[in-house]
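So this first bit is one chain, no partners, the form predicted alone, shown in structure tokens.
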Amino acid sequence: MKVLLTGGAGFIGSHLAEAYIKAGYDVVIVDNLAAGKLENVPDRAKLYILDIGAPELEKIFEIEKPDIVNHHAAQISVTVSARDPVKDAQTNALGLLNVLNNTIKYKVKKVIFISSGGAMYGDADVVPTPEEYETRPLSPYGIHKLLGEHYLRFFNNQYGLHYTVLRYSNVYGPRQDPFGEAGVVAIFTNNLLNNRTSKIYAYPEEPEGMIRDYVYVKDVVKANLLATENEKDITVNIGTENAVKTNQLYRMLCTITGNNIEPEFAEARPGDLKVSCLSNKKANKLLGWKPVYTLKEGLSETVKYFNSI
């Protein structure tokens, strides 16, 4: 079976590409390398360097005829989306539509769409937040991810395209970019290992920082493999149900790295949620998925990786 994996040269996508190959799938990657890296691409994967919004994407579908599309390519920063909603829409809305139109034309069986649990629910007053909670995104990033979910339901109803939506919490692990605006674990780890000061963004009423749910990339990969094998049209959260404040996370990394550098605190940025923590009960029931890694275990593996590069 052949999987076309968009964003497969990136942080999460490259881990998933390796897992797909190990599981016996043929893997075709489409990535414009804006955030992804050539060295992340497994040897046995076929890479096309192309933007998902490009008209030439159709030729790849025509040549490769994938059975499944796993759509990880995205603009991933909430703060970037708040500064430039049009740029976010070009990738996260119009780029997705280009992918979906080609899935219909070339008879793809199923799409796995990567959505956002945190950005989807806004500042929820039910924590951990279930999928049934009202969707009320507070950023263009969240709005466009929700739009993508609606597009999938349209394509399912209109054309019979099967789908699974995975609403991620905050994913972290090896290969995450420590120099971007998203990915606080990678940023903190890189700073601590290089004796640099980190910045913690916080609202006045929560001086210890935002409350987040951090899920390790290997657990996320397992969720994707289970979703690939599942034939139901479902939307599920992929999170740990473990709420952690930013300063608490930072102190854990100080302990693991053995470097205790006092952070700077700054005002929350536009689009920053106060709290995001996802229920995973539905994923457990429908996919048989639950996280295996504790936060301490995942952080330790992540620090080990950054120490090795």
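Numbers for residues come from their place in the sequence shown, where the first is 1. Treat the numbers as computed from the prediction; the structure is a model and nothing was measured.
This protein has a second form, the form predicted together with a small molecule, left out of what is shown; the following refers to that one.
Checking Met252, Val275, Ile60, Leu50 against the small molecule in the predicted bound form, a heavy atom within 4.5 Å turns up for just one residue: Leu50. Distance criterion of 4.5 Å from any heavy atom to the small molecule in the predicted bound form singles out Ser116 from the list Ser116, Thr164, Thr189, Ser81. Residues with any non-hydrogen atom within 4.5 angstroms of the small molecule in the predicted bound form fall in just one of 256 to 264, 279 to 287, 243 to 251, 50 to 58: 50 to 58.
In the predicted bound form, none of the heavy atoms of Met120 sits within 4.5 Å of a heavy atom of the small molecule. Although the partner is absent from this view, Leu16 stays clear of the small molecule in the predicted bound form, with no non-hydrogen atom inside 4.5 angstroms. The small molecule in the predicted bound form is not approached by Ala45, whose heavy atoms all lie more than 4.5 angstroms from it. Within 4.5 Å of some heavy atom of the small molecule in the predicted bound form lies at least one heavy atom of Ala35. Although the small molecule is omitted here, in the predicted bound form all of Ala9, Ala74 and Gln176 have a heavy atom within 4.5 Å of it.
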